[in-house]
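What follows is a single chain, given as C-alpha cells, in the form predicted alone.
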Amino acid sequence: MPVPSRGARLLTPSPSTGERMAAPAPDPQFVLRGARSAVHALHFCDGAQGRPLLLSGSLHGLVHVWSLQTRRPLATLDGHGGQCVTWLHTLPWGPQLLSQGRDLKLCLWDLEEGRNAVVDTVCLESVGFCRASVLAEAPRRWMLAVPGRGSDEVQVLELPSKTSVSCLKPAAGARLGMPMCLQLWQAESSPRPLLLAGYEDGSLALWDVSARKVCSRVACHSEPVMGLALDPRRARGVSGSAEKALAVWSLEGQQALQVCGTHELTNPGIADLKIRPDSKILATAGWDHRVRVFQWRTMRPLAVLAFHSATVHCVAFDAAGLLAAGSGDQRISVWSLYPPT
C-alpha cells in the first residue's frame, strides 16, 4: 500500500497494547459549500477538455455541477420539483446525465456546450429509497433497473426506447420486502445481464435478467441492505446495512453468491459504499458522520475521516483516486488519500 498523501492518517498499532488506534482525523483537500441542503448523491465525470467535474444531488431537488479547479458550481439543474435527488450517473457517450428523484421521475439531461435541458423523462412507479442502476449494452443503448410497481419488484427497461425488458418479482412466500439497492452487471464469460439486489429483509439476490429468475440468494444482514458495491475484477463485493457490520461476499463461478465474512463497525448505519476504480480502496458513508476507508483486498482499516457534523449520505471516487463525501451538513468534502500508483 503506498504512503498516504499529506494530511492522511493510518490506523496504527498502539506500542503498549498492539491494538489498532485511530490517529487524528485528517483534513480534506478542499470543501465544496453551496449545495443549499443535504447532499444525497455524488458522481464524478469528465467535462470539457477532459477536466474532471463533480455532480451533486441535494435534498431540495437541485443538481450542482462543480468545477474541481475553481471549486464553484458551473451550473445548477432544477428538474425534480424540489424533491430529493437520490442518484446521478453520466452515460459513456457524450455529456448526458441521468438523475433520479423522489418526485417519481428519472431525468435525462443534455449538458453539451453548456446546455442544461431535460431531454427525456422516465416515470417511476415507486417512491422508495432504492437508487437506480444502469448498464451500457451498445452505443447509445443501455439497460436501466429501477424499483417496480409492486413493493418487492424490480423493473428493467431498455433505453432510450423505454421498452420493458423484464419485471423481477421474488417467488410467492419469499418475503424479501422492498428492494433497497441495485447493481446491474454483466460477466465477461456470459452475454446475459445480471442484477444484484439488496432487500429489506437483509438478503442479497443475484438475478438472471433475461430468464427472470434468481440464480442465488444469501442472508447477509439482519437489517435492510442500504448499499452494495461490486468489484467485477474479483467477482467479489461488499454490502452495508443499518447494523454494525459490513458483509463481504463473492460470486462463485460468477453465478453463486457466498458470504466470505463480516467486518464489525464501531457504530451502526451505512448509507453508501464505493470501491475505487483500481479495486484497491473501499470507502463507506456512515450514519455516525464518518467516512471509513479500508484496503479492499484485505478489509484492513486505513483511516476514519471525521470531518462532517451530520450523516454522510454518499461517497464517490474519480479515476485519479479523489474521494468525495456528501453529508446532511450541506457540505461536500474532497480527499486525496492513498493515490493510485
Partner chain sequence: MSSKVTIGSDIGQARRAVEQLRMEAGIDRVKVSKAAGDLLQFCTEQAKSDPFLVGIPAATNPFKEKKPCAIL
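Treat the numbers as computed from the prediction; the structure is a model and nothing was measured. Residue numbers count along the first chain shown, from 1.
Keep in mind the form predicted in complex with its partner chain is missing from the figure; the text below concerns it.
### Message
Would you classify Val214 as touching its partner chain in the predicted complex, given a 4.5 Å non-hydrogen atom cut-off?
### Response
No, Val214 is distant from the partner.
### Query
Would Thr311 count as a contact of its partner chain in the predicted complex, using a 4.5 angstroms cut-off between non-hydrogen atoms?
Yes, contact at 4.5 Å.
### Query
Taking 4.5 angstroms as the cut-off for heavy atoms, does Val127 touch its partner chain in the predicted complex?
The answer is yes: Val127 has a heavy atom within 4.5 Å of its partner chain.
### Query
Can any non-hydrogen atom of Pro232 be found within 4.5 angstroms of its partner chain in the predicted complex?
No, Pro232 sits far enough from its partner chain in the predicted complex that none of its heavy atoms falls within 4.5 Å.
### Query
Ala242, Val122, Val248, Ala174: which sits within 4.5 Å of its partner chain in the predicted complex by any heavy atom?
Contact check passes for Ala242.
### Query
Which one of Pro224, Pro73, Gly79, Pro95 is close to its partner chain in the predicted complex, taking close to mean a heavy atom within 4.5 Å?
Selected residue: Pro224.
### Query
Counting only heavy atoms and a 4.5 Å cut-off, does its partner chain in the predicted complex sit next to every one of Leu195, Trp207 and Asp272?
Checked in the predicted complex: no contact with its partner chain for any of the three.
### Message
Heavy atoms within 4.5 Å of its partner chain in the predicted complex: which stretch in 127-135, 106-114, 186-194, 82-90 meets that?
### Response
Looking at the partner contacts, the answer comes out as 127-135.
### Task
Sequence order please: the residues of 185-215 with a heavy atom within 4.5 Å of its partner chain in the predicted complex.
Sequence-ordered list has one entry, Glu200.
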